[in-house]
Each structure stands twice: as structure tokens, then as C-alpha cells.
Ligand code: HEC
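So this first bit is one chain, no partners, the form predicted on its own, shown in C-alpha cells.
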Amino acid sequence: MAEETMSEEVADGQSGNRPERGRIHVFPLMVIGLVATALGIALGLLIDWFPVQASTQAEDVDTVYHVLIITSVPFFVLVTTIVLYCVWQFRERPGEEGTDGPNVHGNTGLEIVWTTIPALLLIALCTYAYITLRDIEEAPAAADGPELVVDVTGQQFAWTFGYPKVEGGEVKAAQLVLPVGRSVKFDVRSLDVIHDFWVPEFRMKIDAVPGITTSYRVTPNRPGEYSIVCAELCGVGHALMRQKVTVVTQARFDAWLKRKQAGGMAAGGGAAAGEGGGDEAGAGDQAAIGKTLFNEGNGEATACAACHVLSDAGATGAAGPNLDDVLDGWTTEQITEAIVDPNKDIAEGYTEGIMPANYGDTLTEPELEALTAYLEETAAK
């Protein structure tokens, strides 16, 4: 008998197998898994992950996220529970160093099940997300009124906006103003590198890609002021490429649009007078033209208001220096040089490359003079 026992121990030592463990604790594992699943889903749904919903599309997007939480937490808990149980139950114990566990044979049926179920779940979730995306991107019905189309142009490191299909002519601005309750289609472009146009409260975003036009639509449903963020790393000033969108009533939007149209026509008349017929625009006309250029740009040059603070223009940009502070005492030559060669003398706290260096090419000579005259006049106030 002693010899047989010795032979078995030797055999075990030669095979290097550990002794079999006890039975699997299925019921305790199920209880732990169910409790952890319930807590995980509850936390996932109760935690306020997102900013306020400010568009009709936001609720659908948030619902997709909640569905993903509900379906993914159980699988995460299942896998984590099994892994932790195996770490505890089949850990190496004293005296078992260098030995292997018992041989484990595959289970074809189980492998088919745990491959098929996740695959079907992924197909279902992708289908659901696709249908939701198609629904929220549908154009509004004719009965809902005309859709507002806004051209969005990204350039290092600011956004400019155009309202091309409005009564009274095209409007361009560094400020985005939208009417509440009206469908808006954004046609998004880039003049240099890839940007990403995103308003977190709207939940929708899309890349601005050089050479092509991308688009999406939202219907703002909550008046207020929200942040516009570039969600694609686009250069040294990427973190500062932030502006505001203001959602107002339709009446206030119409009034704002009329003011912009009136300002644009006045500036256009002044520019024409300055460029044609040999008549030069007066200092007041030049300053008015310059203010419009500061706020709206000229189609090629980014509006200065997109990046700078200037109280006289109502500008609140954050990418560049506060002009209320830095313009005091500047001469005409200094202002002109700062526009056409911004990297020559960089303001403290900023780095080279944040401001485009091509304004000398994108602004005509009369436009540059008008913009300089406006800034000089503002600095003298």
C-alpha cells in the first residue's frame, strides 16, 4: 500500500498536475453578478455625464448611450466576475510552485454560444444606432417651415459663419446666432487643416475637411448660450478654438439678421466708394468698414472677432489677446504690422502660429487700411 501511494505521488510530481479544486460556486457567483450588474446600470443611468440637452437630437443621442450602458454592463460584470473568481479559486498555493493545473479540454458548444451572442448583440446595436442617426438627420417636412442653412468655415484657430439663403442677401459673422425651434443645416468646410465642429449641448459633431463640404442638421430647442468646440487636434491654438452659439427666439434672430444685413450693406457701399471713382472714404466711413471686417471678415480673412475680445465690437473671442488691453497707445504702423506679421512681436502668454500670418494677402489694401483705422480709433477712445 505504501509503495502504491508513493508511486502515485511520484507520478503526480512527474506529471506536474495540481490536484483538482472543489466545485464551482455557481449560485454565489450569480448573486454577485446580478448585484454588480444592477449597481453598474443604476450608476450608468443616474450619473449626469452630459451637459444640458439643447436640441431635439440630443435626447435621441442620449438614449443610444443609455441603451449601450444597459447592454454592455452585464457582459462587463460577467467577464470581470469570472476572471476574479478564477484568480481567487485557482491561484497558486504554497507547495504548488512550478506545477500546472489539471488539463482543460475545449467546449465547442460553449465557444459557439459566447461567439454568437456578442455578434448578434453588436449587429442589433449597430442597426439601432444607424436607424437613430438616419432619423435625426432627416430633413424637416415642408409643413415645418423653411430650414435655415448656415455655412461654417474653420480656420486656425477660429470659426466664421455665413447665412447665404436669407432674405436681403448673404450675412457673414464671427458670431453664431440660431433661432429656437427651427431646423438648421450646417455646411462645414475648412480653409487649412482638419477641424471638427461640435456644440456639446447639441450632441452632434462633424469633421471640417479641406476640399470637401460635410454637413449635419440640428433643431435647437433651448434658448441660451453654448460653447462651440473644435474636437480635432488642429495645431498649437487648438485648445483656444472656442466660440459661442446663442440660441434666441425667432423674432430676436430676425432682428439680429436685419442688423447684420444693414451693417453689411453700409460697409459694402463705403468700400465701393473707397475703391472706385477716385473718391476716398472718409475716416468715419473707413472705421465703419473696418468694424464690419473685424466682426465678419471678407470671405478669405477670418473675422478678428472670432479670436479677440474687443468691447466696442461686442467681440468675446478667446484664442487671441484681449484688444481692450493691448491696443492702448498703439500707432498706425504698429497695428498694421500686428495684422500682417503677427509672429514678429508675440504677446505674452501666446505662442507663434496662433494667429494666421496671411492677412497681408487675404485683405486688400483698402480693407487693411479700414481695419487699421477702426482699431486705431477704438484704441483712442
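Here the structure is a predicted model, which is why all the values come from computation and not from measurement. For every residue, the number given is its place in the sequence shown, counted from 1.
Another form, the form predicted together with this ligand, is not on view; read the next lines as being about it.
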- Query: Of the listed stretches (28-36, 45-53, 326-334, 65-73), which one has a non-hydrogen atom within 4.5 Å of this ligand in the predicted bound form?
  - Reply: 326-334
- Message: this ligand is absent from this chain, but in the predicted bound form, do 164, 184 and 245 each have a non-hydrogen atom within 4.5 Å of it?
- Response: no
- Spell out, yes or no, whether the shortest heavy atom distance between residue 203 and this ligand in the predicted bound form is within 4.5 Å. no
- Should residue 40 be classed as touching this ligand in the predicted bound form when contacts are defined as heavy atoms within 4.5 Å? no
- Message: Would you classify residue 291 as touching this ligand in the predicted bound form, given a 4.5 Å non-hydrogen atom cut-off?
- Response: no
- Message: If we define contact as a non-hydrogen atom of the residue within 4.5 angstroms of the partner, is residue 302 a contact of this ligand in the predicted bound form?
- Response: yes
- Item | Sequence-ordered list of residues in 303-341 near this ligand in the predicted bound form, where near means a heavy atom within 4.5 Å | 303, 304, 307, 308, 319, 320, 321, 323, 326, 327, 330, 338, 339
